[in-house]
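In the block that follows, a single chain appears as structure tokens, in the form predicted alone.
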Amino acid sequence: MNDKGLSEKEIFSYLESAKSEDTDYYRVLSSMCTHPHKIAVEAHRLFIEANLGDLGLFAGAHRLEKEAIRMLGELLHASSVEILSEESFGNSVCGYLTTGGTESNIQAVRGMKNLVITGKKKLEEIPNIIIPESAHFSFDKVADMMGIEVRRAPLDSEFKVDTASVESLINKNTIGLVGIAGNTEFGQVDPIEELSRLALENKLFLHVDAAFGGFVIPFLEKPYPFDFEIPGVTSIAIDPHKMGLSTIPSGALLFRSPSFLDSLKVNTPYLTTKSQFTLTGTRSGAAAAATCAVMKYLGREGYVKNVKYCIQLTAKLVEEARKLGFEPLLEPVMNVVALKTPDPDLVREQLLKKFGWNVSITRTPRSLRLVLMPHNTAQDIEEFLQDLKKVTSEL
């Protein structure tokens, strides 16, 4: 730290220099985040000092969180929704705003484990959960933090989890299943209804990671079943800071039963509330305001328009790519494309080095992974495909 404070001009010059090192979303085809909506940005600014870790001091921010959770619950077909509270719960879906999918996934599995322990289910060995091979790396953190075995079920030919394999992995120590609604690599939706059947038959919890797909699937012309409308689904992760156009960090975790939140409770004697159910102590009231504001501003109509735009870009990319001889691994389910190319790792490297395109790679099989977000344009797609053709022709 410098002894004497710098001037405002010096500070902002310093910040602008640092900002110039960040990648602008222009020519980014690999991110599931995008520019937040201007309404979300302004709402975030208004509540920048609000700490939802101490709810009694920030009643207004807490009210906005409750409203955001209510709207998310409606979006996910919850019959009724209740925000976390130190009071007793009714028979309703409940939840709170998190920092994103990783925290939501950790808390969902933590709830499973705690409920199994309080239910005194006899486990012969350490508890396990069964996840698809396509599941997010946050479940590796779950295993490390909670001493849980993570069992991975292979995918079928359409890159959905193979439910027969899931069933074969279930044993006496299994506490829950995980399904993905819009997986990170392929944008595919697992057969949640089939996983629900397995969960109910085996008396297991079922968590759905819809961090990306949660703000896409409900607004498609033909939505896929994935949420609380399916009886076996016990929890859902959804990220407003992705296709919801809120500010970072804005995630959410919703539970079918308030008993989940109760199992996560810790006492907080020196705060304005008696207990917390969250993983983090300090929580951003600004993110809650941003999420609430942008959802109210856009409404269902605005999100339908947003998703339709991204799906149209996706269709354009696939159509034009085919004309150039590039086929997708699967017909896109949402605005994520896995594109077959020769030597995708080298192609990725050359696209960035020569033309400044940021793309990523799927693990198995290896292919170019492209995400079409609201910051992308039809012109971007045309330019990208021409640059892709140049790069592959030089291999």
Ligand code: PLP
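All residue numbers are counted from 1 along the displayed sequence. Since the model is a prediction, treat every value here as computed from it, not as a measurement.
Although it is not shown, the form predicted in complex with this ligand is what the next lines describe.
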{"property": "Options 163-171, 193-201, 131-139, 259-267; stretch whose heavy atom lies within 4.5 Å of this ligand in the predicted bound form", "result": "131-139"}
{"property": "This ligand contact in the predicted bound form: residue 39, any heavy atom under 4.5 Å", "result": "no"}
{"property": "Residue 283: touches this ligand in the predicted bound form, heavy atom cutoff 4.5 angstroms", "result": "no"}
{"property": "Contact label in the predicted bound form: residue 211 to this ligand, heavy atom within 4.5 Å", "result": "yes"}
{"property": "This ligand contact at residue 180 in the predicted bound form, heavy atom, 4.5 Å", "result": "yes"}
{"property": "The unique member of 247, 276, 102, 234 whose heavy atoms fall within 4.5 Å of this ligand in the predicted bound form", "result": "102"}
{"property": "4.5 Å heavy atom contact with this ligand in the predicted bound form for all of 32, 184 and 241", "result": "yes"}
